[in-house]
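Okay, here we've got a single chain as structure tokens, the form predicted on its own, with questions on binding and movement later.
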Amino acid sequence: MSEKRIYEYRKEVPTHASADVVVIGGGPAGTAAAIGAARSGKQVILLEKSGQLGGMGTLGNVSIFMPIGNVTGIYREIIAETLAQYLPEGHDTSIAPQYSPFLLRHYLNEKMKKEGVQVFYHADFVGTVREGSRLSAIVASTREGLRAFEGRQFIDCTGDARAAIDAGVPYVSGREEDGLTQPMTLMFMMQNTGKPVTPLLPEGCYTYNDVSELPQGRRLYWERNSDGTLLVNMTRVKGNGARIEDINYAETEALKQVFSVANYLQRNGFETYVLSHVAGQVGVRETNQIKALYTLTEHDVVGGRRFDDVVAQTNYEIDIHSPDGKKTTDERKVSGYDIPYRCMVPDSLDNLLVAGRAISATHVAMSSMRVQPTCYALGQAAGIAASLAIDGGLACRNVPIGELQDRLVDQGVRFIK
């Protein structure tokens, strides 16, 4: 068929559950948003498209926390309860602990039960129900078909701004000059057996003999614990993970690269290691950024800008894996900066916030703020802000910043002055 047809699909969707706050996406931002709202006394529904919480930290095996220079709030709590040996005495310290994605998955399941958050697994976002300037429900695809989840406030933590975009919030993708996004990576782990192993290379894979031939043109891995687990970040596939054809190609190409890189490592310094775990899906660094009340810029990041409505802080470097297929990475140290609440607030909706990597930020700024600890911080702020909006009968844009920051402090957040 040469012409693509457009179909109009109508269906009555029953409501499955209702809550004060509905969070879409169970990654770092979503889990922290759910906790932040629940600790503010709200009934919370958390919708997760997969069978596990943790986002790329568990699903994508990105099982290392990048250093952000502020170990605080819910993120600090997670470190204290799962990786106590890495917990710094003060909050204004950088740590980069490697962790077990399997243990984090279990921990988050138990955490949601303790916090009273109602989690719905295998609930994939389908659409929003909008009435004027407010959302009234989210429609999700579940094991029982399409179901609606009603709420008073909604927080989009999908990473791709799926709910916000569906509701009409303007957005951009990739770098300003051509829309290209950072490439995708399939993470994997290798295990030290303590004895020589036979390198494995399945049919159709690549033979890498030199560092320059590797997908990233470099060796990038971590083995920070004493259990012989090597975490490898060395695959790279050009494309936008929010596009059908790009993600289809990435899933198969990245897996070929995994076997090929593992084979290279087995021949170059890791002769006793076997491939022990491959993430269930490719990791996506960058897709869509909403246009909110404020857009975080490269100038803000490199200039160490401070904001009156600060809700998160980081000094993680500018970290841009080349969007155009080159084997390069733009890495630039930064001294530390604030992320303002306004980056999470769409102008056109009264009861929707966006937390996580899809906040309003330029391509360069996003490369710094996108890591897991920062997403936990943004999610916690969004959960509290949504609760304050309910308490005051306010639009999200009118949440009192001083009260939001006070509530963050009450929940263990400390800001670097």
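Just so it is clear, the model here is predicted, and its values are computed rather than measured. Each residue number is its position in the shown sequence, starting from 1.
Another form exists, predicted in complex with a small molecule; not displayed. Remarks below refer to it.
Only one of Y107, Y273, F125, Y208 lies close to the small molecule in the predicted complex, with a heavy atom inside 4.5 Å, and it is F125. By the criterion of a heavy atom within 4.5 Å, N233 is counted among the residues contacting the small molecule in the predicted complex. The small molecule in the predicted complex is not approached by A34, whose heavy atoms all lie more than 4.5 angstroms from it. Contact check for P28: a non-hydrogen atom falls within 4.5 Å of the small molecule in the predicted complex. Mapping the unseen interface onto this chain, R285 counts among the residues with a heavy atom inside 4.5 Å of the small molecule in the predicted complex. Site residues K49, G55 and M66 are all in contact with the small molecule in the predicted complex, judged by any heavy atom within 4.5 Å. In plain terms, the part of the chain that comes close to the small molecule in the predicted complex, with a heavy atom within 4.5 Å, is 58-66 out of 383-391, 58-66, 345-353, 36-44.
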